[in-house]
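We begin with a single chain expressed as structure tokens, specifically the form predicted on its own.
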Amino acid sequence: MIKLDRREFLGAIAGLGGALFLGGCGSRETQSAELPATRTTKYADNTLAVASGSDASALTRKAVDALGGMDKLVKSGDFVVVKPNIAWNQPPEVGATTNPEVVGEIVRMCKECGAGRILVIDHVIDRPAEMVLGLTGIMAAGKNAGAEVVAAQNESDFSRVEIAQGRAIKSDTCLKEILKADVFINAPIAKTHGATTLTLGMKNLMGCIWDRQSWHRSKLDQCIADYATIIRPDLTILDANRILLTGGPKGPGKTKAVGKVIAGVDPVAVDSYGAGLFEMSADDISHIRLAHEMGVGEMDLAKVTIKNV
């Protein structure tokens, strides 16, 4: 069976009649679909790498190395987009945003592989965005490692995508830069959430859309699962160095030093493992179960190879 990667799948959907629009919800300027070349070197999609320790940068590298190394994914000249959680105006110790050391190490690894352009981006909620980028530590970490760091704040930063398998939503938006990327790396933090119990990798993709409230007005967990069928990262790196146990998603609240970074291709498997850090199972988190049922990935960790390093 021929397996399409994320960008090929998006192109195929568009080519089959799913219109891809520029300029967010209000625009109807069509964009032609182009199928990118297939990347032939990838990680095994049924493997998770779990690195444990106290050094967030070292854990990030060890987890990716356990999958085969970043050079298995990123090639010379590639445009790489890294999407951490930078939504909230909180310092790293609160556990509401991705550890900047994780982000910095991801960027460094991509630079070592010869990536052409590396962009760290999120749809920042709190304002002013410049303060958020600074307080979270992600601006400095990304720039010092060699990336551009951007807060998406305008509807024009997003394009419309069709969601053929969607049950709650049949279309939505996505950051234009993600759609153009050769490699898309999702870098969420593990924490609690008042509406979805937990926010891990797939929930972090809400930062890719323009109108977050539209999901909250609908069936939120189903929207998350729907979106995961069309926007699939090439790699998910879950920051669980310090997890937020209460007061999520913004905090402050009770935190726990877990000292783990989890990396994998399968977003459902990554999230399923992440749920276990909170003494929950994938069945306890509706969007994980729904994404599994829709064929996005495997939530039964007994069927997943786990490499502990």
Partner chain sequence: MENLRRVVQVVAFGVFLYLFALTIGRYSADAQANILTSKAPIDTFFRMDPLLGLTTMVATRRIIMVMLAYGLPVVILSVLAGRFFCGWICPLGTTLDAADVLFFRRRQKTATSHSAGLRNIKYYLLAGIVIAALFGAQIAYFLDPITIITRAFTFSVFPLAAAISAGGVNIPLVPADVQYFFRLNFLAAAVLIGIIALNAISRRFWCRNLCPLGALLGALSKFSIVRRVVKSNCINCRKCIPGCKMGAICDDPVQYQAPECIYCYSCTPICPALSTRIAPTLASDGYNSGLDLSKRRVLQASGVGLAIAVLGKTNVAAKTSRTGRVKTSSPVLIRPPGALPEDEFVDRCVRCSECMKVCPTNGLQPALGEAGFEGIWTPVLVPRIGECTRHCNLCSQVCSSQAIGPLEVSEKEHVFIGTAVIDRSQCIAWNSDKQCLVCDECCSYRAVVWQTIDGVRRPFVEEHKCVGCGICENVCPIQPLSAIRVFSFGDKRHLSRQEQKAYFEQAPKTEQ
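Numbering follows the first chain given and starts at 1. What you see is a predicted model; the values in this text were computed from it and never measured.
Beyond the structure shown, there is the form predicted in complex with its partner chain, which is absent from this document and is the topic of what follows.
The closest non-hydrogen atom of Ser218 lies within 4.5 Å of its partner chain in the predicted complex.
Although the partner is absent here, Thr197 sits close enough that one of its heavy atoms falls within 4.5 Å of its partner chain in the predicted complex. Although the partner is absent here, Asp78 is not a contact residue: none of its heavy atoms lies within 4.5 angstroms of its partner chain in the predicted complex. Looking at Gly253, you'd find a heavy atom of it within 4.5 angstroms of its partner chain in the predicted complex. Listed stretches are 243 to 251, 56 to 64, 261 to 269, 42 to 50; the contact stretch with its partner chain in the predicted complex is 243 to 251, by a heavy atom cutoff of 4.5 Å.
A heavy atom within 4.5 Å of its partner chain in the predicted complex is found for one listed residue only; from Asp71, Glu155, Asp126, Glu162, this is Asp126. Between its partner chain and the residues Arg117, Lys176, Arg167, His193, the one pair within 4.5 Å by heavy atoms in the predicted complex involves His193.
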